[in-house]
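We begin with a single chain expressed as structure tokens, specifically the form predicted on its own.
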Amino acid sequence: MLNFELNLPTKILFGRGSQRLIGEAVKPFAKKILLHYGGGSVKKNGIYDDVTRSLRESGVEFVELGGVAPNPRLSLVYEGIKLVKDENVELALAVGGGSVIDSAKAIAMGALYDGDVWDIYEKGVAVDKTLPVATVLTIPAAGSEASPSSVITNEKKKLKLGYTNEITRPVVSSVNPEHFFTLPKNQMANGVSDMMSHIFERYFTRTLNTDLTDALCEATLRVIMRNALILVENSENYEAWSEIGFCGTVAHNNSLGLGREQDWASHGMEHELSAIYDVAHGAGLAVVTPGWMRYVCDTDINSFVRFAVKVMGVDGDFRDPNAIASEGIKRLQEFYKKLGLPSTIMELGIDDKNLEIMAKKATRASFGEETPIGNFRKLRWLDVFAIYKSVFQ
């Protein structure tokens, strides 16, 4: 087990009606806030009214910025930074899913950064201050409501880049499972795929003696899968959504990654799909992840045998570990299909003309400075290209 620091400062308000507590929760941090959201759904389903009423009753002023799209755009971040500076805003409150929260985090950092906020993402600038961020979660998936990470898309450069810094963890987040009842099934499925991938990126490691986090990863994956299948049949099952909502937070607040080297190659490969083609992140991960698994499993076959047995319920001949590992990956893909997720790049509506370009961008080979991605197994651009081709059709 590796050395680690544990600091999980986000206050979680979980359960029915928790969004109505957000005003009093953010009041100690700000007198005036940015209310940031996506399309019109938060106004149609009453969440906007609950949140704004809570803010007014608590004496918290707010200015608004809507319009966040999936794979949040840098152009709107720039607009938000200007608004925050002009209005002397002290906190960014994101009402939405991961895209809205990530956009709010970028605005919060950019508001206190002297340069171009894109430099933080592209150059990895180590910023040391940000406006506080709070959230009202409407889609359980990204885990951004309690994570130190965000991802922004530069639509002009067709780049989608992530940034991780502890200062970006939200100070408080509301998670009300009732908000998830009206989500379309494809959004539920994409969210499940995303949170499972957050666990896979931590679970598959070369670090030894990580028994506790191994077991926690496995238990969380089993809970996600069991409850996702319940939601396929009944999208208004409060208890199933409670489990999924809690799992999404735990999957990405890094409690499952403590003391272990993490991978993140699958995310790196998927970001190229959504940067160029604007596909749903979870759908892209459902395609890329099994391909990555098959490509790297011989690096440490025992890790994939354990996954197959402990998570996917495979019961086979341990004298043939390759067969057990292969069956585990197959069952994962079958689970994704039950949720209606795609299995191939073609199913995402993407042709093969940019596969090589994406592989080189993922590893920065196209920028003349190839940097292998992943830690479970280092992948160069030819490896990434091979994985893309393996899941193309």
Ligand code: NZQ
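Just count from 1 along the sequence shown to find any residue number. Keep in mind that what you see is a predicted model, and the values were worked out from it rather than measured.
Below, we refer to the form predicted together with this ligand, which is not included among the displayed structures.
Query raised in the report: Heavy atoms within 4.5 Å of this ligand in the predicted complex: which of the stretches 94-102, 78-86, 316-324, 298-306 has them?
Result: That would be 94-102.
Query raised in the report: Is there a heavy atom of residue 276 lying 4.5 Å or less from a heavy atom of this ligand in the predicted complex?
Result: No - in the predicted complex, heavy atoms of residue 276 and this ligand never come within 4.5 Å of each other.
Query raised in the report: Given that the partner is absent here, does residue 174 sit within 4.5 Å of this ligand in the predicted complex, heavy atoms only?
Result: Because no heavy atom of residue 174 falls inside 4.5 Å of this ligand in the predicted complex, the answer is no.
Query - 4.5 Å heavy atom contact, residue 342 and this ligand in the predicted complex - result: Because no heavy atom of residue 342 falls inside 4.5 Å of this ligand in the predicted complex, the answer is no.
Query raised in the report: Going by a heavy atom distance of 4.5 Å, is residue 68 a contact of this ligand in the predicted complex?
Result: Close contact exists here: in the predicted complex, residue 68 approaches this ligand to within 4.5 Å, heavy atoms only.
Query - 210, 220 and 260 each touching this ligand in the predicted complex (heavy atom, 4.5 Å) - result: The answer is no: none of the three residues contacts the partner (heavy atom, 4.5 Å cut-off).
Query raised in the report: Which one of 196, 117, 240, 142 is close to this ligand in the predicted complex, taking close to mean a heavy atom within 4.5 Å?
Result: None of the others qualify; the residue that does is 142.
Requested in this report: Report the residue, out of 354, 41, 333, 52, that has at least one non-hydrogen atom within 4.5 angstroms of this ligand in the predicted complex.
Outcome: Contact check passes for 41.
Requested in this report: Go through 252-275 residue by residue and record those having a heavy atom within 4.5 Å of this ligand in the predicted complex; state none if no residue qualifies.
Outcome: Sequence-ordered list: 252, 267, 271.
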